[in-house]
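As a starting point, one isolated chain is supplied in structure tokens, in the form predicted alone.
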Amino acid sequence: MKQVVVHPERCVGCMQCMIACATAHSKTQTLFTAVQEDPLPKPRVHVGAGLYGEGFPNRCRHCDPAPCMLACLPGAISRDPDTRTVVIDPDTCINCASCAMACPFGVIRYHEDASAPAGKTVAVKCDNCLDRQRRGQVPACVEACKSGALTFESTGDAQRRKTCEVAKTVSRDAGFEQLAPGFSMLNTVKRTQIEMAHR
């Protein structure tokens, strides 16, 4: 089963995934009109900065078992039986924040949302763009990510590809393999910053 896989070493911190996510979860689903909506759409993926300014796209992992689902007192959090995606029912959510306290990754936010009753603040998190998937599209964050930091694939495929990438780096006489345009310079800057910090 496919899911969004995060490759933090490829993230350049451009935040295009956040814009695409907010747009995909807006009423109009168009950036030009979404910025004028009330409530203003907000992303469900959040890019944070590491010690050296490197980006990290933080999103729901749809854990199994899911701590947020176990902590949800009114039963507003459930798992989609077809995709195994953990989803929140905005009509049932009582904004108690139990799920946010239980989430080890800090991905649940509270605000008004286009999917919720007007004026109601609810728990909001990544839903793997289920509506887009049902239309045969990939999640918005993956479509927007041009550096390959977010991919839509099975966990097995992602693990096999990562194993092959690591194996190539330890092969005898292996040279540096370019991940994507611009990564060589970005990684050099990061390495330099780390070296300077440890002097």
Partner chain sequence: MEYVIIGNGVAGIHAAEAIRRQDPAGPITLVGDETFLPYCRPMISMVLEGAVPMERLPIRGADYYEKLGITPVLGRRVTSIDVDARRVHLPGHPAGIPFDRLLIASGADPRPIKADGLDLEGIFYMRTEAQVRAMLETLPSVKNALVLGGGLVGFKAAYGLVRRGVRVTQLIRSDYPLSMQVDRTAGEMILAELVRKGLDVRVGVAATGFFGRGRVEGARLSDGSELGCDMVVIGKGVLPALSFVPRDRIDIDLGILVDAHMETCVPGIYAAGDAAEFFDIARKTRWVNAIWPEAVIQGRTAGMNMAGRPVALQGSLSRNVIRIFDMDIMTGGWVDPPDSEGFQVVRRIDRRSGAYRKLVLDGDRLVGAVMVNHIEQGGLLIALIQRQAPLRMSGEKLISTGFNYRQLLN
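Positions refer to the first chain, counted from 1. All of these numbers come straight from a predicted model, not from anything done at the bench.
FYI, the form predicted together with its partner chain isn't displayed, but the following is about it.
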Pick from 158-166, 126-134, 141-149, 41-49: which stretch has non-hydrogen atoms within 4.5 Å of its partner chain in the model of the complex? 41-49
Does residue 98 reach its partner chain in the model of the complex if we count a contact as any heavy atom within 4.5 Å? yes
Is residue 37 a contact residue for its partner chain in the model of the complex, using a 4.5 Å heavy atom cut-off? no
Answer yes if any heavy atom of residue 118 is within 4.5 Å of a heavy atom of its partner chain in the model of the complex; otherwise answer no. no
Would you check, heavy atoms only and a 4.5 Å threshold, whether residue 81 touches its partner chain in the model of the complex? no
Scan 47-69 and note down the residues that get a heavy atom within 4.5 Å of its partner chain in the model of the complex; none is a fine answer too. 48, 49, 50, 51, 52, 54, 55, 56, 58, 61, 65
